[in-house]
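Next up: a single chain in structure tokens, the form predicted on its own.
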Amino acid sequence: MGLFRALKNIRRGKGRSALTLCGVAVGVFAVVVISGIGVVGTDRVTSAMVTMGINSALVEASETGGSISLTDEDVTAFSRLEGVNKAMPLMASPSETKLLDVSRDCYAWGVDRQAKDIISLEAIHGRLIGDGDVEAHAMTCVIDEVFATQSYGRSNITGKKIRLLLEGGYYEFEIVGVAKSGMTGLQNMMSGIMPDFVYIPYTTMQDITGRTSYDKIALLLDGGSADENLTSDLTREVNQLKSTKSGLTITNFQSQKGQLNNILSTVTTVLSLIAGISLVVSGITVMTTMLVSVGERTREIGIKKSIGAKNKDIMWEFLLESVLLTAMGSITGIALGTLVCAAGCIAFSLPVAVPIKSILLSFCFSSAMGALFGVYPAMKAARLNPIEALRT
């Protein structure tokens, strides 16, 4: 009964109630949209970093453990550690290439077929280094897209020859594939060293350098366990396997992922709080609206009191009207905000993300604002002297 009476009273002043409702809706709408952007942004960052090799890590000798060598036995042993999915040997060397008689600095990597998964290497033309290349110690290579485009003006240059400087001499390799640039785990872990990467079979690099050990071992971490704590645990375990305290180090992107997510979360929270200020302002508008309503209905309040209505009955009637007004505004803002978030995600071909937590918080907060700012008008109405109210 009280709910229907509150709705009836809201309909009395349609224009005033509509403006108040819009004020609440705008504030809730802003909070929902900003929170939705934050959710989508966090999901996209996580997805992009997974593509860039967020779940990969590099094991290598530290400055204090420069004499430690990594072998096939270590590759096998590391692949069996808890939290590790795969392990791949890596050879590495700063180098120089000659293509079309133009010399360019680069970084040469000795890899195998697992480079696709472990360091997120993706072929856009041709193929990647395979088992056949490794077993045959083939003179084949994969270069990155930027390198190909800057050399030939196009990205597809499979079948071309390239000369690679290793151990003081130039060796000719056939380009069997072109890889996507800027998105591999190695390019991100080794950022700032050299822009151009050349990938060759690690066995071929061993033959040329005369080495049987590896410079690094790349690990693919389990997606479900690839957190920051895993890095320290694995560092301890690989050092135990090599009978050293700190001779080996592990590099991955987990800490950077956490930092980026924290930054996004902080920015989203701050913007949501700023948007939430409008909810406080709308609360003041609700109070103003209810005070005007009390003034208009003074005689009505006097009549109700004269026929037996108690102060608490009058108070709850106005308080319910205030809360209902803000709740209706919240629902309107939530509906519009969710619709805009969904439309934006669809327009940009992104997974639809609805900030459920923010929706619930904004609804509860706005309703609380309605109750808080409705208390004074409700108390004012309840304390009216019925005789004076009837004279109005």
Partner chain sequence: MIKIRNLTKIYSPCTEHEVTALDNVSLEVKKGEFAAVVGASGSGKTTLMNIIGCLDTQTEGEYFLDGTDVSALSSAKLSRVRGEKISFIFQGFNLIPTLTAEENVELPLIYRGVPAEKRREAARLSLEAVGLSMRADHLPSELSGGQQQRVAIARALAANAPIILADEPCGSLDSRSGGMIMEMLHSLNREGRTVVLITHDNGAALTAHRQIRISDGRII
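Being a predicted model, the structure only gives us computed values, none of them experimental. Positions refer to the first chain, counted from 1.
What comes next is about the form predicted together with the partner chain, which does not appear here.
- Exactly one of the stretches 88-96, 310-318, 197-205, 131-139 approaches the partner chain in the predicted complex with heavy atoms within 4.5 Å, and it is 310-318.
- The partner chain is not shown here, but in the predicted complex it comes within 4.5 Å of a heavy atom of residue 303.
- At the 4.5 Å threshold, heavy atoms of residue 154 stay clear of the partner chain in the predicted complex, well away from it.
- By the criterion of a heavy atom within 4.5 Å, residue 161 is excluded from the residues contacting the partner chain in the predicted complex.
- By the criterion of a heavy atom within 4.5 Å, residue 11 is excluded from the residues contacting the partner chain in the predicted complex.
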